[in-house]
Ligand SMILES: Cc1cc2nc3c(=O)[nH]c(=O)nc-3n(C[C@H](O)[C@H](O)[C@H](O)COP(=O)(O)OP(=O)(O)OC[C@H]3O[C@@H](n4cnc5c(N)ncnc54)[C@H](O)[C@@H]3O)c2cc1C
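Before any questions on binding or motion, here is one chain by itself as structure tokens, the form predicted on its own.
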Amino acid sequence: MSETFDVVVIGGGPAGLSAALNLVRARKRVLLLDGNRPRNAATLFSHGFLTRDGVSPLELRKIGREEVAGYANADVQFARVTRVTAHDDGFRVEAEGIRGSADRDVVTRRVLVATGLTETLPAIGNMRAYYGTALHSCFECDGYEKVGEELAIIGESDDLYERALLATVWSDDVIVFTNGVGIVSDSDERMLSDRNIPVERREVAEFVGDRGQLSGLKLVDGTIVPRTAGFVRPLWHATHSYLDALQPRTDELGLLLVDQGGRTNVPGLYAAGDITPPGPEQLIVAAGAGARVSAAIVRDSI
């Protein structure tokens, strides 16, 4: 623990990078630790991010890391944080280096958690072969590229009705697939029917297509339902066991509860981005949250 920082930022996505950039520009000594496992790794293009529309999410992160690392008071490293504990009037942060980088064990006055979420997709055999090309999870990010296509809305959650209605912004040809698990009430199904949106309750066996081009969904009984694109509803998980010793307050989904400045109930511990309610957001929204929380940190340190 020979190194001391003003702020350790955990997570190198848009929220963490935006916060780190603003913090180093406020003359804070910042260590950014990135586990390098972004939730959107399968996505080929990012959309809706001003001046970066269509850029690869991985390229966006790379550019962000380079911008932050260009400041002398910034230290950017690939590392997986294993534990954060109280230490004097601050925190001790321990991390395992990845991709050949060294382990870190440092002290900091403040910690900002911006690790985002992990996701679990419905267990349909070959979904990964189409995820990020024909199949996506974010309407705002990828809906425009699917305008007018035969859309499948696939999920195992209880919000398929709302997602189906949202899909009609981009296409008039929408079918909901519950995969035998997702919840669509009888009344919601009737209202969807009034909008010419069928609900298919049979399980999906696999996706059908050629060279990444989707042509349909094959059901367990062999029926093939033609579809050229779709939106999947993953299950999202907040993973922050490294904070267990601090016992931050969370909601029923495990998201870190914060005030408008990103402050948790633990003094000196902040959070920004998808790890906070309401959960998954567009990249530009997460970046804005990082900037907002960094401003709170600067003011709290005066």
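The numbering used is simple: start at 1 and walk along the sequence shown. All values reported here derive from a predicted model rather than from experimental measurement.
Omitted from view is the form predicted together with the ligand, to which the following refers.
Chemist: Would V24 sit within 4.5 Å of the ligand in the predicted complex, counting heavy atoms only?
Modeler: Output for V24 is no: heavy atoms all beyond 4.5 Å of the ligand.
Chemist: Do V293 and the ligand share at least one heavy atom pair within 4.5 Å in the predicted complex?
Modeler: Contact check for V293: no, nothing within 4.5 Å of the ligand in the predicted complex.
Chemist: At 4.5 Å between heavy atoms, is N265 in contact with the ligand in the predicted complex?
Modeler: No - in the predicted complex, heavy atoms of N265 and the ligand never come within 4.5 Å of each other.
Chemist: Is there a non-hydrogen atom of Y71 within 4.5 angstroms of a non-hydrogen atom of the ligand in the predicted complex?
Modeler: Y71: no, not in contact with the ligand in the predicted complex.
Chemist: Given the ligand in the predicted complex, answer whether the residues V30, S56 and G64 all have a heavy atom inside 4.5 Å of it.
Modeler: So, no: the whole triplet misses the ligand.
Chemist: What stretch, of 193-201, 152-160, 114-122, 217-225, brings heavy atoms to within 4.5 Å of the ligand in the predicted complex?
Modeler: Stretch 114-122 is the one.
Chemist: Out of 225-251, which residues reach within 4.5 Å of the ligand in the predicted complex, heavy atoms considered?
Modeler: Only Y242 sits within 4.5 Å of the partner.
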